[in-house]
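One chain follows as structure tokens, the form predicted alone.
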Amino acid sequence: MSRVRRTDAPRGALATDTYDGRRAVVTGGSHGIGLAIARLLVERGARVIVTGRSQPALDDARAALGDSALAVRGDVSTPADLDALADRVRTRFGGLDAVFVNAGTARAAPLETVTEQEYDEVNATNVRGAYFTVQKLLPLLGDGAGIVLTTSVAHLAGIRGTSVYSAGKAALRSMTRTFAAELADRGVRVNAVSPGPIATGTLETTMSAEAAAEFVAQRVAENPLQRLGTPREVALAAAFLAFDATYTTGAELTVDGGVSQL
């Protein structure tokens, strides 16, 4: 059977600074890039559910985001938590206009020292968690909805000590393409935002302060713009892909100061 191509632009085809009435989920939305995405959406009128594993961080996020946001504790690597999230979305919103698949974890370690447990823990969140987040929330997405996965420029280069993390982000880039192909007939677009070195504070929780400072200095020195990016800059790109890039699917938008391009 031949595929029927739509020629009419879906709802919201014109770029806008407001997302009034839009409904979105941001996984890993209690801090860093995820919180920046949620904050931007709320500022522009959207209703948002953010998820995270730390209740104190979620409480802080909820206080910062205000009444337009709901904070739900859950782990994307746990099937029961994803089922509960889908139920909460259905009860609270009825459906979704965007899903930001942002939850992730990063651990820096050389190949020789990575254990099977560490490998499984990282991929349970970064790969399996992302995959089943999309699957569980897919029935709630309507025509013209957008899915945005957070990848990383790490999958484009061999950065020492990031073998597990980088491989997982490469898997997400592949998912972006295959999900986009599978969901095109439903009018659901799937894209990825690919951050480069962003000042989120995450490094300091995964390595020593000295190692983190050295890593940051190296990234800044090799970056064409000679600085780290901000979570807000990534959020602007992610929101564009979700709502305004209505003729774009399967793409990856890089937000990295040019380091992977120049």
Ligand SMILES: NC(=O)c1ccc[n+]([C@@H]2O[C@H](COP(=O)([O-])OP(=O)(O)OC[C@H]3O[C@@H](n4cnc5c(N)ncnc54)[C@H](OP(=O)(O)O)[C@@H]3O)[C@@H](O)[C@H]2O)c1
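For clarity, every value in this text was computed on a predicted model and none was experimentally measured. Note that residue numbering follows the sequence shown and begins at 1.
Quick note: we don't show the form predicted in complex with this ligand, though the next part is all about it.
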| property | result |
| --- | --- |
| Contact of residue 179 with this ligand in the predicted complex (heavy atom, 4.5 Å) | no |
| Proximity of residue 163 to this ligand in the predicted complex, heavy atoms at 4.5 Å | no |
| Residue contact check: residue 103 to this ligand in the predicted complex, 4.5 Å heavy atom | yes |
| Contact label in the predicted complex: residue 62 to this ligand, heavy atom within 4.5 Å | no |
| One residue of 190, 137, 71, 76 in contact with this ligand, assessed in the predicted complex (non-hydrogen atom, 4.5 angstroms) | 76 |
| Partner-proximal stretch of 139-147, 84-92, 103-111, 182-190 relative to this ligand in the predicted complex, 4.5 angstroms, heavy atom | 103-111 |
| Contact set, 43-67 vs this ligand in the predicted complex - heavy atom within 4.5 angstroms | 51, 52, 53, 54 |
